[in-house]
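A lone chain, given as structure tokens: the form predicted alone.
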Amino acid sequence: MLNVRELLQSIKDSPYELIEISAPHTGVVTFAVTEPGARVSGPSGSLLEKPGTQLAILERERNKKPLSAPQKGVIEAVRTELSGTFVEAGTPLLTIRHYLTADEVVDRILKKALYLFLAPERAKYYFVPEVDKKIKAGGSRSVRLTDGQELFIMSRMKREATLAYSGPEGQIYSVYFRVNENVDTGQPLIGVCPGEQLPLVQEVVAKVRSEWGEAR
């Protein structure tokens, strides 16, 4: 059984994520941010329609494409030696040190502590009507699963097939897919919490929600 408290402590010991910003295509790069230590912001707005801090511009065939910060953080490194040069797609340009938010910490813990039931192929997924009805009435955590239970309708290329759950008995704790959106092969559909692990998971999640500090 995973030691959830040890996992939380390991995240506290290193509460950062390093995000590498690479050139999405070829072009001449000009940096808008040139000094390590500069603070940047991620997308904002109710629909995240406002881009984050501009980091650089890639120019190709007189078309300029700005590169923006995907997350709030601090610039860790900038490859200023590339400024004004032609770079290939995939060339690392900057690194952002992002301090994890409470939601991101909870998500990391849950993806380690829960049993993740993965999509067997790229398709759209829907709960079978019986399960869907329970979720709409009492939320996803009102549903307990047993191995072999019919759980999903898998829709692909206008064909539908039922998909049974395979894994430990427990309750659905997290749902990772959205209706009418394709899920790639190997991506989690749900996270299932075995009964004996539930009190500990709830305790740690509550602790993170109440104690995790604001982004530095």
Partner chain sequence: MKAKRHKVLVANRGEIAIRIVNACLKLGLDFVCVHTREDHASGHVRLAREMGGEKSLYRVASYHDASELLAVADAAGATAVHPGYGFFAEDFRFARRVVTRDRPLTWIGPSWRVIRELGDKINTKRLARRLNVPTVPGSDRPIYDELEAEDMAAKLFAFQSEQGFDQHVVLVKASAGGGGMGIEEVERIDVFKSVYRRLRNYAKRQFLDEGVLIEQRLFGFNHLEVQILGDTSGKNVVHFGTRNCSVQSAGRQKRIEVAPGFAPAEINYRFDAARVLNDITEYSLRIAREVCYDSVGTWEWIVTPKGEPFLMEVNTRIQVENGVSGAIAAIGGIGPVDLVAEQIRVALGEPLGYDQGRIGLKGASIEYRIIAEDPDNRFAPWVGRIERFDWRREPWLTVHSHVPTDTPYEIPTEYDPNLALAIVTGQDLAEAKARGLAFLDGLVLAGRNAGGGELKSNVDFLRKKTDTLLVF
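Numbering follows the first chain given and starts at 1. Since this is a predicted model, take the numbers as computed values, not measurements.
One more form of this protein, predicted together with its partner chain, exists but is not displayed; see below.
Under a 4.5 angstroms non-hydrogen atom cutoff, its partner chain in the predicted bound form lacks residue 34 among its neighbouring residues. At least one heavy atom of residue 24 is located within 4.5 Å of its partner chain in the predicted bound form. Residue contact check for residue 139: none of its heavy atoms lie within 4.5 Å of its partner chain in the predicted bound form.
Looking at residue 86, you'd find a heavy atom of it within 4.5 angstroms of its partner chain in the predicted bound form. Here the chain stands alone, but in the predicted bound form its contact with its partner chain, taken as any heavy atom within 4.5 Å, falls in 86 to 94 among 67 to 75, 105 to 113, 86 to 94, 142 to 150. Out of the listed residues 182, 30, 174, 54, 182 is the one that sits within 4.5 Å of its partner chain in the predicted bound form by at least one heavy atom.
Residues of 96 to 114 are not found to place any heavy atom within 4.5 Å of its partner chain in the predicted bound form.
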